[in-house]
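Coming up is one lone chain in structure tokens, specifically the form predicted alone.
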């Protein structure tokens, strides 16, 4: 068991190192930050002096190594654009993204599980056919198009909801701000949350429907019916429990995807989160902020996968016995 944990931990570290290496390699080809930092009257001496100060004259491996050393100490570098620590800039924007991801994930889980159970129990009928047909929208249409359609309908035509921004926010603690406690904040959250969570909701709904349909064909469900148990008790006391085990695992992995996919949603709705910050950083070639963002997403993905691996370790006795740990 110890060897399994150590192996997974080492794999996680290697993934983070690889992601950081690839990200730094890509950033070398997106432009020169000096062009955005100095005015038109710059001289060659000014350019060379600033490149030396920022360490841009160092070889790539030296820059990457310096970044890793700083990251281990909580120093992700200084933003080329704002002149502030990149980590502080990301932490300022992180509450907005986490709030959006939390609401989107809740919407995807609750609605997806409910619709999946309903369509599995009622396999035929106009409502089921309507749900399955319309759910294809969440898979077929790109996220930005769904967001634009929602803005046109609910913001432009009906004028029920705002089309951009986060609304009014209130501070909670030292650095956290939330819009969940204000009316405008809640209204501003509806459209981006639906846009971001629609794809995940469709996946969860279809997974629940498939898993529960398989469970309802098992022998112990037939035996429960033969004993005379009510259909409601069979569906919700026996079938749903066994259905949700793989669903929760998959849903947990989707949380990282929601945060990563928030880039598109935040851009469409001008949501002031880390996704929009990343897009702005690309335009200004703000390498420390871009690298910090990608490392943050990588840590979230790797952390969630590591937690899932440990959950499997607790559930599967073969892994604890040293088998199946490859």
Partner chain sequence: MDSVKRAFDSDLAWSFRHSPVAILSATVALLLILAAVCAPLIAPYNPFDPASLNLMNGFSRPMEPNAFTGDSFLLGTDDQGRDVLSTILYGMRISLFVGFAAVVFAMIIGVVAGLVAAYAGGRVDAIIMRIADVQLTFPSILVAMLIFGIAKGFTPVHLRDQMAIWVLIISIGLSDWVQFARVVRGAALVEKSKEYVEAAILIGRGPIAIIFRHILPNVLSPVLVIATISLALAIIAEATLSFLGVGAPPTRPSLGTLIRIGQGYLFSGEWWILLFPSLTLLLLALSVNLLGDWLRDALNPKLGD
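Worth saying up front: this structure is predicted, and the values here are computed from it rather than measured. Definition used throughout: the rigid core is the maximal C-alpha set that superposes within 1.5 Å between two forms. Numbering follows the first chain given and starts at 1.
The same protein has a further form, the form predicted in complex with the partner chain, not shown here; the description that follows concerns it.
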| item | value |
| --- | --- |
| 76, 169, 151, 193 - the one with a heavy atom within 4.5 Å of the partner chain in the model of the complex | 151 |
| Position in contact with the partner chain when the complex is considered in the model of the complex, options 130, 175, 160, 144, heavy atoms within 4.5 Å | 144 |
| Heavy atom of residue 199 within 4.5 Å of the partner chain in the model of the complex | yes |
| Exercise: residue 310 in contact with the partner chain in the model of the complex, heavy atom 4.5 Å | no |
| Exercise: residue 94 in contact with the partner chain in the model of the complex, heavy atom 4.5 Å | no |
| Heavy atom of residue 298 within 4.5 Å of the partner chain in the model of the complex | yes |
| Candidate site 11, 19 and 261: all three near the partner chain in the model of the complex by heavy atom within 4.5 Å | yes |
| Location of the partner chain contact in the model of the complex, chosen stretch of 109 to 117, 152 to 160, 79 to 87, 179 to 187 [non-hydrogen atom, 4.5 Å] | 152 to 160 |
| In the model of the complex: members of 78 to 95 within 4.5 Å of the partner chain, any heavy atom | none |
| Residue 268 C-alpha relocation of at least 2 Å between this form and the one not shown, rigid core basis | no |
